[in-house]
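First structure 1, then structure 2: two forms of the same chain, each alone, as structure tokens.
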Structure 1
Amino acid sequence: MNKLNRDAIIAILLLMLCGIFFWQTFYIREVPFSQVGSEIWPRVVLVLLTVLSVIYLFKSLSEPRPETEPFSLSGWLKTYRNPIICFVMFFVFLLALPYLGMLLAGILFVFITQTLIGGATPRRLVMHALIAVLAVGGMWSIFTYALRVILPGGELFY
């Protein structure tokens, strides 16, 4: 048997997830006079998922471990630099949204994220700023004035 590989770890995580969700099915409210309880279907799904995860676990353990380079945090960060920037910036954008509103938070999100990915030369800074204002401002205007959708205004402006 091989050491735990990435697939095996995912399979174990899935099995843990199944356990947590199965345990939660015991807390689903019983509805009087219902012919099929609300917990039945999720249990059917969870049993199916458990069986598949066990098969996945055995399959991943029985297959030869692929030749991979040893894990290094710096290499990993380098590989996933752009997605990590996007995730973190989107997270920050969401935190800022109630305070700054969609327009300002959106412009800042687009400007900062583009600058972090594309670089901060003076020419690029101007280009990113222009794109952020025009793209976000334009879409914000379409939703606000043409489609009459009220986007978050932000506490700072009230």
Structure 2
Amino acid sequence: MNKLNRDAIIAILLLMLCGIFFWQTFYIREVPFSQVGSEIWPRVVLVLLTVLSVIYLFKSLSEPRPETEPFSLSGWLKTYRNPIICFVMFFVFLLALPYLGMLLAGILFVFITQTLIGGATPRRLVMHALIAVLAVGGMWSIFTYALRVILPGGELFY
């Protein structure tokens, strides 16, 4: 095994966060008319996150450390281009959400993010549009009609 590297430290931090969050699930208030406890869904997600973090930890400890180049801003931006695009687009999505609503802002967020990351050929644009409409529309339909969750509607369409 190698020494602790950056990935191993992140995996350990994730495991610690999972433990803290799991501990906090014992303080979730029970809803009297619920058939399933309110703490079940967060615990399922946390168990999955814990399993993934353990896999991440073992993988980071078992693989050899890659050769690193000297730090350069352009190299860093090139490496982290896609995550930066995702964070910026998510911030724009959050700003647009009160005005456009969940459905339209979500479709635009998914479509534009996929286009920025995956390219803009005519075939890809069609595929991005289909994925955006089906994924966000399906999720919106499930929450709105099956789960009866009221999602933000947006000010422009009222």
Partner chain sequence: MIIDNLFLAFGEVFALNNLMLMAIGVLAGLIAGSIPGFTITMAVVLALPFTFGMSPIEGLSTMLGVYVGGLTGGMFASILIGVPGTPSSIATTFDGFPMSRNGRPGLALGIGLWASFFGGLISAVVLVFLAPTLAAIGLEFGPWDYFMLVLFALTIAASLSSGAMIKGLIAGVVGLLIASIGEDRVNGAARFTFDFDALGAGFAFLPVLIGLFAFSQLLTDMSDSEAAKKPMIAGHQAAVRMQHRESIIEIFKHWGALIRSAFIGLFVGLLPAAGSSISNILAYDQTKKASKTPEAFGTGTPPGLISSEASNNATAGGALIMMMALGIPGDAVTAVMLGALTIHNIAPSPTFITSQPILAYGIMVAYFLANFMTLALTSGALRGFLLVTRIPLYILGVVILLYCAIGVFTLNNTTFDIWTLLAFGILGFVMVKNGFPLTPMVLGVVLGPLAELNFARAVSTSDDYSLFFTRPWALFFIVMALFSAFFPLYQNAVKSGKNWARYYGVAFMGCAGLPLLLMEGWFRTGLGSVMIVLSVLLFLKKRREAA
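Under this definition, the rigid core comprises the largest set of C-alpha atoms superposing within 1.5 Å between the forms. Just so we're clear, the structure is a prediction, and the values are computed from it rather than from any experiment. The first residue in the sequence of structure 1 is number 1, and each one after it adds one.
Student: Only one of structures 1 and 2 is the form predicted alone; identify it.
Tutor: Answer 2, the form predicted alone.
Student: Do you see a C-alpha shift of 2 Å or more at Ala105 between structures 1 and 2, with the core held fixed?
Tutor: Shift at Ala105: below 2 Å after core fit.
Student: Would you say Gly19 moves its Cα by 2 Å or more between structures 1 and 2, aligning on the core?
Tutor: Yes, the C-alpha position differs by at least 2 Å between structures 1 and 2.
Student: Would the C-alpha of Ile10 be classed as shifted by 2 Å or more between structures 1 and 2 after rigid-core alignment?
Tutor: Yes, shifts by 2 Å or more.
Student: Taking the rigid core as the frame of reference, how far in Å is the Cα of Leu52 displaced between structures 1 and 2?
Tutor: Its C-alpha position differs by 26.9 Å.
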